Ligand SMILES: Cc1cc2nc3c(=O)[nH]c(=O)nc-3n(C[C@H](O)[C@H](O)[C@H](O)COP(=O)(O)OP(=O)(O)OC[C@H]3O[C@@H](n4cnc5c(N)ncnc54)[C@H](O)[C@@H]3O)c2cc1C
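Just one chain follows, in the form predicted alone, and it is written as structure tokens.
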Amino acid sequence: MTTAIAVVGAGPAGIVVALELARKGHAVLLIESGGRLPDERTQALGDAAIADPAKHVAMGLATRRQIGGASNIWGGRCVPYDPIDFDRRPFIQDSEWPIAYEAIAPYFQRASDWFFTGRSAFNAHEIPEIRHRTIIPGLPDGDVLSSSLERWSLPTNFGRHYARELATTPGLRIAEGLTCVEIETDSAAGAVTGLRCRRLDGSEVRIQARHYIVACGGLETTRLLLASRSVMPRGIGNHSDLLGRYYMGHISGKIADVVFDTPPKETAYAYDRDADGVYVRHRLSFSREAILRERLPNIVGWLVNPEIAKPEHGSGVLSFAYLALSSPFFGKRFIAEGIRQAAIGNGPRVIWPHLANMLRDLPATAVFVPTFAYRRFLVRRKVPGFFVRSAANRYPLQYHGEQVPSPESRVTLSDECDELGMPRLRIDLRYCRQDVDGVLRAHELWDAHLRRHRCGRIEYHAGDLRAMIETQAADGYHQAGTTRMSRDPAHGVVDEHLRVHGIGNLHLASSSTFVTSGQANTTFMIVAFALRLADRLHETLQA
């Protein structure tokens, strides 16, 4: 097969960059390992060896080899990186980006359009209809901000939503069920000459193009580069021994409740909506100045429900949610499996105490079930989740923070191969003391701010806080860092335009290129960078 541009991977980044370039008149071939529907045999190609399964979810829970990629299991949360993420921060090792915030921020509105999240506004002060609403009435912004927001997509399943456009856009072809197993280069490794691909039936296809874009996801992109060893024995892009290093996700969990002294009915504990009908969630965050002064990793917090698996919460609504999600028949039909497992926990299924909660709280449960079912399953813009108001004005505080880059946190090739003969990954995600220190310091600052303004306080859960944070630290959903961006080839894998150093016609559209993980999940930013790459490549092809 021949084409002008070959894009490997039909997740959000691959779909966006392929459609953007095809709309501009370029011939594009979009290559996807899976098809329109999930397939267990294809999905198993991505299985990996994990050094510590308690720190990293199985790849089958975090990825999808299918048209639409991980958007098939994505919850819809959209939030960009902050200006602080691109600042020079000497207290965060190896955190210097080769671009400024101003280089990527202009793409946020276009990314929002792809996600159908309305305006690219992520602070309540920028949205007139909710400007007056913050998490806690009377709590002003200062070092701590209560005005920052995250926005929620429809959610957008890119494979389903853009299926018609993928099928009808002139110049765009899709090759399904075709897995790229090697990127081939010339003898000097200065240019890609082709892609070697295989099907599950054993047949092999070679693809040639002028330009190649790898958009296989955070870790599969890295795996493909590592496995392309015919000319470069350590893998394409591994000139500095950084390919596969600096693997990052986020550090998250709960170590405290936040207790408010303000009127309970005025707490913005649930999702809000703007004039476009887009769901938003209020969060606690920090000002740029406070992060620099306190030497904090970037971190945010938001209010959540008590753990639904514990019947001690006494809520019929929460008990109904637990029984529904833990049901062997219904559970997997409601939400993505990874989210479901996190919600119900690992313990044995409990039934009778939850049924008792539902009977005691029957009026609230009876109202909730049909209302939530309608808003979740029968409308176009679905509610992302649900919240139960606390009469005591006490809520668990979920934190979600940046993971400090470390070269020892990495992925490598294992000795085991998948069905197509491609080496599987070995994943070794490591957290460090600074990650834990950042979580503790953030809670101290949130508590001080609440007390200073007489709005509330932080009450910690019983136990060793540091041990709690270390135990809860785990990820695998937000895969970043393993093909990091740099101006100097000695310090990274790709340049500021996402082109692999030294190879003029190979680009990566992946969160693996991110230098830091920030407080944001990666999906929104992947699309923003894919848009920037499409514009840049179009200019190159027009020259």
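Note that residue numbering begins at 1 and tracks the sequence as displayed. The shown structure was predicted, so the numbers you read here are calculated from the model rather than taken from an experiment.
Below, we turn to the form predicted together with the named molecule, even though it does not appear here.
- Site annotation in the predicted bound form: the residue of 124, 178, 243, 321 reaching within 4.5 Å of the named molecule with a heavy atom is 178.
- Distance criterion of 4.5 Å from any heavy atom to the named molecule in the predicted bound form singles out 73 from the list 172, 226, 469, 73.
- The stretch in contact with the named molecule in the predicted bound form, judged by heavy atoms within 4.5 Å, is 76 to 84, chosen from 253 to 261, 235 to 243, 76 to 84, 345 to 353.
- Proximity to the named molecule in the predicted bound form holds for none of 297, 435 and 442, with the criterion being a heavy atom within 4.5 Å.
- Put simply, residue 339 is close to the named molecule in the predicted bound form: some heavy atom of it is within 4.5 Å.
- Although the partner is absent here, residue 516 lies well away from the named molecule in the predicted bound form, with no heavy atom inside 4.5 Å.
- The closest non-hydrogen atom of residue 61 lies within 4.5 Å of the named molecule in the predicted bound form.
- Heavy atoms of residue 492 never reach within 4.5 Å of the named molecule in the predicted bound form, leaving it off the interface.
- Taking the named molecule as positioned in the predicted bound form, none of the residues of 447 to 473 brings a heavy atom within 4.5 Å of it.
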